[in-house]
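Here you get one chain, nothing else, as structure tokens; it is the form predicted alone.
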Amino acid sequence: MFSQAAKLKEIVQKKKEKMLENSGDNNSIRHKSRARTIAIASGKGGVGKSTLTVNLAYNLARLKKKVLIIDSDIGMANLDIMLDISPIYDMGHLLRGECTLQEAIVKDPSGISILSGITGDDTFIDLNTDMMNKIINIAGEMEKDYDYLLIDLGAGAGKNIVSTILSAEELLLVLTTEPTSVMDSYSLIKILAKYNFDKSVKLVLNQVDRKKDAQKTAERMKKTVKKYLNIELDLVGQISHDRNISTAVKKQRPFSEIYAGRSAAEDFEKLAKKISGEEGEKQSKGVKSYFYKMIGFFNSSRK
């Protein structure tokens, strides 16, 4: 097991060195890498994370951004249902060489592209050399074709979820003002802190009835996390509660598409503008950086 992990690590290093040789330096790689990888997580289920992912993607697409969602909620993938699309292939088929990236990705009429996550097998975890090379090649294709890679994670703090968050360039943490949601979100951040997580956490308060209450919740959480875990939290959005969101789910369309003009739709739009507005302030490390890190986490867990 150890020798296999060491071999994979060696291959990853050679890939990196080859990229450096071809590009000249690491800054050149970053310059060419434009796609931002954003992990979208929640401490508990039922906070509207997948709905937020869909509507964020929809509004980024309206801003002329090319967006790919990876539905990585293993065993509970549902974004295809929410958008009334029927993927033939998922990430598992892609890694096994049963389809191309283009065949695996399904495009919604609103401009959102979706890659269904692996459901019901451990192909992505049980990496071998061939699959590792495929992941690097897939990352290269994504790099060229998209501005944003949104990774819709399952709820909680499972091993795969934590590894994905640590590998992604950015974390968008979705919660509500309910005490259980706040505590579970804090628990997730606490686990990340044990792995020396050093990035800012972008908070989105969802299903908000009173924005002043949401602001107070965010401020209390920011102070607590900074004091005890030394991690910065940044409130980037507050999404108003709207009963029509469940109606949009039943209609299998993005809420922002069929209920444009409502407060929640305006909130989703503001969130997308906030996220995309940061693009000029920071250099994206790109999709390849995310996949390199993911491979590293999987390798270390096998030792």
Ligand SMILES: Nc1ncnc2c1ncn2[C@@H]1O[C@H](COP(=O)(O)OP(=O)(O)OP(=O)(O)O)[C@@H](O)[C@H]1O
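Just so it is clear, the structure is predicted and the values come from calculations on it, not from any experiment. All residue numbers are counted from 1 along the displayed sequence.
If you look for the form predicted in complex with the named molecule, you will not find it shown, but the lines that follow are about it.
K.L.:
Based on heavy atom distances of at most 4.5 Å to the named molecule in the predicted complex, which listed stretch, 204-212, 224-232, 161-169, 93-101, is the contact stretch?
P.N.:
Selected range: 204-212.
K.L.:
Any chance Ala260 has a heavy atom within 4.5 Å of the named molecule in the predicted complex?
P.N.:
No, Ala260 sits far enough from the named molecule in the predicted complex that none of its heavy atoms falls within 4.5 Å.
K.L.:
Is Ser256 one of the residues lying within 4.5 Å of the named molecule in the predicted complex, judged by heavy atom distances?
P.N.:
No, Ser256 sits far enough from the named molecule in the predicted complex that none of its heavy atoms falls within 4.5 Å.
K.L.:
With the cut-off set at 4.5 Å between non-hydrogen atoms, does Thr37 touch the named molecule in the predicted complex?
P.N.:
The answer is no: Thr37 has no heavy atom within 4.5 Å of the named molecule.
K.L.:
Is Gly277 one of the residues lying within 4.5 Å of the named molecule in the predicted complex, judged by heavy atom distances?
P.N.:
No, no contact at 4.5 Å.
K.L.:
Is the named molecule close enough to Asn59, Ile151 and Glu266 in the predicted complex that each of the three has a heavy atom within 4.5 Å of it?
P.N.:
So, no: the whole triplet misses the named molecule.
K.L.:
Under a 4.5 angstroms heavy atom criterion, identify the one residue in Lys251, Lys65, Lys273, His241 near the named molecule in the predicted complex.
P.N.:
Partner contact (heavy atom, 4.5 Å) among the options: His241.
K.L.:
Of Ile105, Leu173, Ala155, Leu188, which one comes within 4.5 Å of the named molecule in the predicted complex, counting heavy atoms only?
P.N.:
So the residue touching the named molecule in the predicted complex, by this definition, is Ala155.
K.L.:
Heavy atom within 4.5 Å of the named molecule in the predicted complex: which residues of 167-181 qualify?
P.N.:
Not one residue comes within 4.5 Å of the partner.
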